[in-house]
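Given next, in structure tokens, is a single chain: the form predicted on its own.
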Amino acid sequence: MALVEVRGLRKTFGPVVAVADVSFAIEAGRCTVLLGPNGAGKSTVLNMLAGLLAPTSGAIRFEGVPAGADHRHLIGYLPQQVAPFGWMTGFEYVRMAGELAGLDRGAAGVRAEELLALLGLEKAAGRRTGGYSGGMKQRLGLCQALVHRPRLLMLDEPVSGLDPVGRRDVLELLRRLKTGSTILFSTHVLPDAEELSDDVLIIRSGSIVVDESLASLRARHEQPVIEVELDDEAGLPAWLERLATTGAAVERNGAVIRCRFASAAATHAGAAEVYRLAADHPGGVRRVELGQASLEDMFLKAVQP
């Protein structure tokens, strides 16, 4: 069942068309990732869904909410840049967010303590947020987004500015939230998107170009890939020349060669050629890996003109 339906959403700023014509549905209980290059319209779409921007045209409908009625109480939103009031403590900020969302003061305080502990901020709860690091502010933003137990959690670049430990903690939290929440998030970190998402939206030049489950997308674009990493670039031209004869799409990044094949038979022939080249190569071969096209491959194919 669709929790949210978006139809014909458009946003212009004078002559600039930020979002041209966007339609999609978000299913309840699923995690959807919104992908796109910089300037494609991701943040504008999220801001319209959150009620921070009024659409130029189009409609946003939430399940159980009459057309035109306010749906903001159903949403928890983490913006790309978190800017809490620096004179407030972390606890005060999250409690205030809970009260603004309709919780009474006592319930908002209990929920604030619970979330600050969950996000690893309990020791900093009594400190003013002006002294928080960027990663701490990001986690504080997650606390305010979750404080009222929203039906839809929207996150704009949720691991932006986090160190590796903070990023791991936030990703683990999102994995846990997936079991009982509906999540829409944008990111440039495609491995995170592939790990967390059930459904994929890709926006290009203000329009949705992919709206599909990750499983279906993988099935349609499944493509064998062989990746070879050499110790150095000696003999690289010979590798590229001979692998091109296998019919593979060959890419090079330094001493790494990536070959995409159209069929299992072509992959078999390509693998045989790779091993022959490895035997003849004057330098060392660090690794040879056989895999499938990733979400990054599918993303690049979708956003390139």
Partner chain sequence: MRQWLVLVRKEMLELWRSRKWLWVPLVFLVLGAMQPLAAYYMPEILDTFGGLPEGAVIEIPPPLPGAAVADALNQLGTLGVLVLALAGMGAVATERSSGAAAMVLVKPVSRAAYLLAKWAAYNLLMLASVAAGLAAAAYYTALLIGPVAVGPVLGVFAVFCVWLSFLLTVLIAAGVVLRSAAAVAFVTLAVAVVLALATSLLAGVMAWSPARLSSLAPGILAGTGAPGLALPLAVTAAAIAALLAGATSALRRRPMVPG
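Residue numbers count along the first chain shown, from 1. Not measured: the values here are computed from a predicted model.
Beyond what is shown, the protein has a form predicted in complex with its partner chain; the following relates to that form.
* Asked: Can E92 be called a contact residue for its partner chain in the predicted complex at 4.5 Å between heavy atoms?
  -> Yes, contact at 4.5 Å.
* Does at least one non-hydrogen atom of D280 fall within 4.5 angstroms of its partner chain in the predicted complex? -> D280 lies outside the contact set for its partner chain.
* **Distance check, E172 to its partner chain in the predicted complex, heavy atom within 4.5 Å** => Flag for E172 set to no.
* Evaluate E113 for contact with its partner chain in the predicted complex, applying a 4.5 angstroms cut-off between non-hydrogen atoms, and reply yes or no. => Residue-level check for E113: no, no contact with its partner chain.
* Asked: Within 4.5 Å of its partner chain in the predicted complex, heavy atoms considered, which of E122, E212, E227, E99?
  -> So the residue touching its partner chain in the predicted complex, by this definition, is E99.
* Sole residue of D104, E195, E233, D163 within 4.5 Å of its partner chain in the predicted complex, by heavy atom -> When its partner chain is considered in the predicted complex, the option within 4.5 Å is D104.
* Which of 73 to 81, 164 to 172, 178 to 186, 197 to 205 has heavy atoms within 4.5 Å of its partner chain in the predicted complex? -> One stretch meets the cut-off, namely 73 to 81.
* To do: May I ask whether L217, T267 and V288 all come within 4.5 angstroms of its partner chain in the predicted complex, judged by heavy atoms?
  => Judged in the predicted complex, none of L217, T267 and V288 sits within 4.5 Å of its partner chain.
* Between 43 to 76 and its partner chain in the predicted complex, list the residues on our side with a heavy atom within 4.5 Å. => In sequence order, N47, A50, G51, L52, L53, D70, R72, H73 come within 4.5 Å of the partner.
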